[in-house]
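This document starts with two versions of one protein chain, written out as structure tokens and named structure 1 and structure 2.
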Structure 1
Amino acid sequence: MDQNQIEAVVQAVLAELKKKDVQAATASAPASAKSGVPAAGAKTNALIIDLPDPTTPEVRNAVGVEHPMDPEGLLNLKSTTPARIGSGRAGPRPRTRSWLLFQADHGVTQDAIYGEVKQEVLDQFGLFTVQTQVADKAEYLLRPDLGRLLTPEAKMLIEQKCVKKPQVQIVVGDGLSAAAINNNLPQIFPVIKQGLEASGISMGTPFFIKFARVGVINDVNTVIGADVVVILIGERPGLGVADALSAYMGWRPGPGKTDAQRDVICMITNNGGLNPLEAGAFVVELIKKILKNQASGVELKLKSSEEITEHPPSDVL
């Protein structure tokens, strides 16, 4: 087959496909078939689907029950819970819109877990990157223990680049949500940094840890020797809230220290949580308290009269 023949075949195929498109459009438009006008091509051109965002509260809260016995009452019931009630049904199955919204809410969690922290976000605060002993995302999910240990190369790099024995060491970890870092770090990080400076507290050289679990702060501090280590880390995404960040911190973390010896500020997000600016101020206050009492976690609770927030269950530990 020479070039001309090939060209001819391609043209013929394209023409055939075009014809099929037109037929398909006609077949899917029974109304126009009945009336016979206007031309199918023109009808397709005139088709506009331009949807509002279905994830906004107004659309989310819309009632899907077609003929509720008490429409106002149903709205009142719906307003009492974030649960997906009043969504209606198609036979025994969910309505199309609520099923698609569910898939969107799950989709955003998957993109957050399997997404990457953006380099420009890290560059913005001059964070260099080290990695735990985890090789890839699948291993990260399967082996939490490896996510708590740095590689020898990581320890060497930290040794070379970081100020030793600061009062406070801040590290950032991807955890289970890259979106948590991408969306919240630009707001929370400057607040923490300025807050510590204003209080005259020395801060070490911050860096980013890929495939991190919270417990990695024990390993970090074997190199750094800080009084307090803080890790800002992405939590397991909930349906529809994929970018919740937590700040875990401990007094002189080291091998053998557990979650009971740490404090946490959690659910940091602009999507229905603690906003990151405010959260940054809380982090600074908690650091001061830990420094003052020379203790964190359960021990801090015993030493300080005030109540500390209970640890919520977490999958990123």
Structure 2
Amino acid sequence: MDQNQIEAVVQAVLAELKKKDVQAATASAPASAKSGVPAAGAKTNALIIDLPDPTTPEVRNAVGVEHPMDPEGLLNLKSTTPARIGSGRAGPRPRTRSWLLFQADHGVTQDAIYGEVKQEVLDQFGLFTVQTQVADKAEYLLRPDLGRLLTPEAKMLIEQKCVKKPQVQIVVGDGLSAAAINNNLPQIFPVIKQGLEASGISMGTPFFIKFARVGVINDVNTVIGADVVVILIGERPGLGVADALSAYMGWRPGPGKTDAQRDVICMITNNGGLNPLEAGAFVVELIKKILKNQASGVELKLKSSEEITEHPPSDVL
């Protein structure tokens, strides 16, 4: 027999088996299925994969190690970290459940990176939008330097719309996670605003920067001239948390200033991080400290340590 004859025989056998499966399923199905409505559990020609959702807390936190020496200890260990421990192996490979969870979490990070900040979130706080010199998301990921510089049109719009030389200027940047802004800004922004007003600290006109990097606050302040600039920006998403927000701030930022001259409160999220409401209060307290010492970053740490040395707490004396 040649190759064509062999393939013809194989196809004929498969067709006969398929026909018998359909006949058996029809014979065993209830009347509702015979009328065209498939019953639960009935055999069909379609491929059915019935696996539990790997992202539910029960499945995510389940122990995948078979016959662990200390099951209770392993459960306690898993409860202390979002790291993928105790997931078990299938030979040299991860289990299907672990692999599906990894793929699902990776998909969430991609959505966070390539997603867009919702316009209704910006409208909620009256934030107008400007853009850095980045043209699109692909360039944003490859050229961090362009994400630190505003376009001439952006500077012109800021010049027209913003109050100049306030004590505090707040800007919002999408960063590497649009989800961080969508999920956390509605909670943290009112706390910061109310906290500054209650402390008698003047706040400039807030706005949103698309394709922003942290260092863009240097360029912003060449137009605004604020004492403190705060940027609420999305952090790089991880496979455990994809909507974490950071609040970076600096004393009179400008060209040449680096991370050494900035302070940050990070991992602001309801998903295992710092609660956004509580984080808002921390941001206000840190702003007040920066204004008092007229310094931020390393300089603020040095001034704070000098103050403790000169005026140690009473319980140290």
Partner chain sequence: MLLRTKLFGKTYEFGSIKELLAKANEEKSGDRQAGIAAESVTERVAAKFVLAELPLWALYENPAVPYEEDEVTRVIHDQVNMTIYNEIKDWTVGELREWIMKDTTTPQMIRRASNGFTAEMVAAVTKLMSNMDLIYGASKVRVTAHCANTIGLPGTLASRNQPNHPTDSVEGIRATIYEGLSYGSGDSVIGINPVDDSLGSVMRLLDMTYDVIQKWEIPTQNCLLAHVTTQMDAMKRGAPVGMVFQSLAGSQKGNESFGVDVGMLDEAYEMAKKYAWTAGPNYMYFETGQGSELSADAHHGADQLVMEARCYGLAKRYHPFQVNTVVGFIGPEYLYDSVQITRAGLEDHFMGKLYGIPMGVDACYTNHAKATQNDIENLAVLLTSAGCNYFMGVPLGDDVMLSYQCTSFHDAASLRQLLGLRPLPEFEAWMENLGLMKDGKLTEKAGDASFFLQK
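FYI, numbering is relative to structure 1, first residue = 1. So that the term is clear: the rigid core is the largest set of C-alpha atoms that superpose within 1.5 Å between two forms. The structure displayed is predicted, hence computed values, not measured ones.
Between the two isolated copies of the chain, the form predicted alone corresponds to structure 2. Superposing C-alpha atoms between structure 1 and structure 2 reveals a rigid-body rotation of the smaller part against the larger of 17 degrees. When the core is overlaid, the C-alpha of V65 ends up 3.3 Å from its other position between structure 1 and structure 2. Here N76 exhibits a Cα shift of 4.3 Å between structure 1 and structure 2, evaluated on the superposed rigid core.
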